[in-house]
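Below sits a lone chain in structure tokens, taken as the form predicted on its own.
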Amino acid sequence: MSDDYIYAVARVRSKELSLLSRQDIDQLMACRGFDECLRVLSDKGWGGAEGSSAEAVLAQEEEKTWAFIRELTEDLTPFSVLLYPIDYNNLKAAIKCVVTDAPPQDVFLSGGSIDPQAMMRCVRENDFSSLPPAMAGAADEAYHTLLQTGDGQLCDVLLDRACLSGVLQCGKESGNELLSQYAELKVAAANIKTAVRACRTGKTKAFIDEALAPCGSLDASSLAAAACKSVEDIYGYLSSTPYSGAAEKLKESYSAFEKWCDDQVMDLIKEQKRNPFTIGPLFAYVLARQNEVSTVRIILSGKLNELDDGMIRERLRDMYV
């Protein structure tokens, strides 16, 4: 029903009033150092216990976001496009810990939809049936590939591609245009990153074909063929796609490309400010909060390492408000 989300969206609109604005970001940039930044953030309600580290503060903000979303809806299925990357990262860590007999210390990300310890049990018992079917198949293949070859990179490639395919499928099955467009953008951006890295490290065509996830806005075969030649050929191919802007940013730097990708997401979700009837505004709020966290992380890291303000500003993302 179109009115299912009216109450939830109303609460999101209220929460949006506390999102960091460009003026707030300028205030953080004006801070004389790292500690002052943390104090300003604390004044804005960020973090929890006094004396928390920067990463603890950022992690707490992520947790607050998902706690709020869980108050609004019990069904987090539409958010799988955001949760899958966490789950697959944890799956990679679980497989490598078990195969190498390494202790799983500080290797798991929080906030996924599957308990990392449950993943560990699956790997130890070589039984992935309790995982979602697509994930189970990828986990089984990656686990046995790592056992047989010892190739951690190939293990990563298999799981990364499965993750991207899952993200794309979730976006399409959501029936929501925003989620579908977001998934397509994220998969295409990941393919571009993979192609550039593979080209610069001299990977084979077979490796690149295995690593790229098919999507609608990029032809994986053409991108792989370009990556086998040169980075300039990748730029040339991208110039004929919706990602010509990405090619220009890649010519500047990898960080400029990442900023471009994040800013594309912000442009995508800003349209949700006028939408009161679907899950789109809830999804947009989560992305806006994640963008906040990323932007604050950039500022804190820059201040901690005493980088020039100009260098920090070059990396700052557009804000939702």
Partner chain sequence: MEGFDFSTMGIFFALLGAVLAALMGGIGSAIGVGMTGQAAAGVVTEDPSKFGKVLILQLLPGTQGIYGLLIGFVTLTQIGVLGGNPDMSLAKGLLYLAACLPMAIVGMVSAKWQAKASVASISLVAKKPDQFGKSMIFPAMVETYAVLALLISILAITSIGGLPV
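Positions refer to the first chain, counted from 1. Keep in mind the model is a prediction, meaning the values are calculated, not measured.
Unshown form predicted in complex with the partner chain; subsequent notes refer to it.
> Check each of 34, 260, 46, 68 and return the one that places a heavy atom within 4.5 angstroms of the partner chain in the predicted bound form.
The residue in contact is 68.
> Among 5-13, 307-315, 21-29, 294-302, mark the stretch whose residues have heavy atoms within 4.5 Å of the partner chain in the predicted bound form.
Only one stretch qualifies here: 5-13.
> Evaluate residue 277 for contact with the partner chain in the predicted bound form, applying a 4.5 angstroms cut-off between non-hydrogen atoms, and reply yes or no.
Residue 277 belongs to the contact set for the partner chain.
> Considering non-hydrogen atoms and a 4.5 Å limit, does the partner chain approach residue 39 in the predicted bound form?
Although the partner chain is absent here, residue 39 would stay clear of it in the predicted bound form, with no heavy atoms inside 4.5 Å.
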